[in-house]
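Next comes just one chain, in structure tokens: the form predicted alone.
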Amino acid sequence: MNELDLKVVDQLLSTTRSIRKRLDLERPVDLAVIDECLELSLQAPTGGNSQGWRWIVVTDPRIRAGLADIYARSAEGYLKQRAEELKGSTDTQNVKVYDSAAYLVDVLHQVPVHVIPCIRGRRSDDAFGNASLYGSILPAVWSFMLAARARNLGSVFTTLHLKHEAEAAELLGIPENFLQVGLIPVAHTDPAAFKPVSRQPLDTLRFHDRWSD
């Protein structure tokens, strides 16, 4: 078996970012490329090898506008609260994230492709069941986003529209026994957007054997 080029793999993993402001709203995305990314995502692990995932690739302007409207209504209160919390803040990283999130609300309807990952099942009061449900789709979601980044497609995993999940399900024709887990806007982007960012030091986040403060 050929060894992986760790330098290339590590670069992919360390530079895949949430892209909002640099999504190209004018350039069409070849759906064959989206399918390439989805094919790769299907190799991700899934609980019990159930493969209960479904993917809705939305390009119809009317449906994208409908999703963007749901997203905007879901985002309104949350973003207003975040704006208040960040007023006068010196935390430039969080201010930038809020600013880009607010920008996405305004342009989401123009992003050429919306990808909606779904999984068979519904949430419950059982922590194990919920973890298994989301654990059966989120690895595939990340694989999709990594594959998109490798093709210079920007994306961001969003969940705000799920405040009105039933309305989105009706718009998209999703049956009741499937759960939406997010909305991923996808578009071409400037390759310079893919770069490492500042994170907390590992030593402040990793414990050995037992939790410690």
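Bear in mind the structure is a predicted one, so any value in this text is a computation, not a measurement. Each residue number is its position in the shown sequence, starting from 1.
Below, we refer to the form predicted in complex with a small molecule, which is not included among the displayed structures.
Q: Given that the small molecule is not shown alongside this chain, does residue 153 nevertheless sit within 4.5 Å of it in the predicted bound form, heavy atom to heavy atom?
A: Heavy-atom contact with the small molecule at 4.5 Å: absent for residue 153.
Q: Mark residue 160 yes when one of its heavy atoms lies within 4.5 Å of a heavy atom of the small molecule in the predicted bound form, and no otherwise.
A: Result yes; residue 160 sits at the interface with the small molecule in the predicted bound form.
Q: Using 4.5 Å between non-hydrogen atoms, is residue 197 touching the small molecule in the predicted bound form?
A: So residue 197 counts as contacting the small molecule.
Q: Can you tell me whether residue 133 touches the small molecule? I mean in the predicted bound form, with a 4.5 angstroms heavy atom cut-off.
A: Looking in the predicted bound form, residue contacts with the small molecule do not include residue 133, since no heavy atom lies within 4.5 Å.
Q: I need to confirm a contact call. Of 97, 72, 118, 107, which residue comes within 4.5 Å of the small molecule in the predicted bound form, counting heavy atoms only?
A: Result of the distance check: 97.
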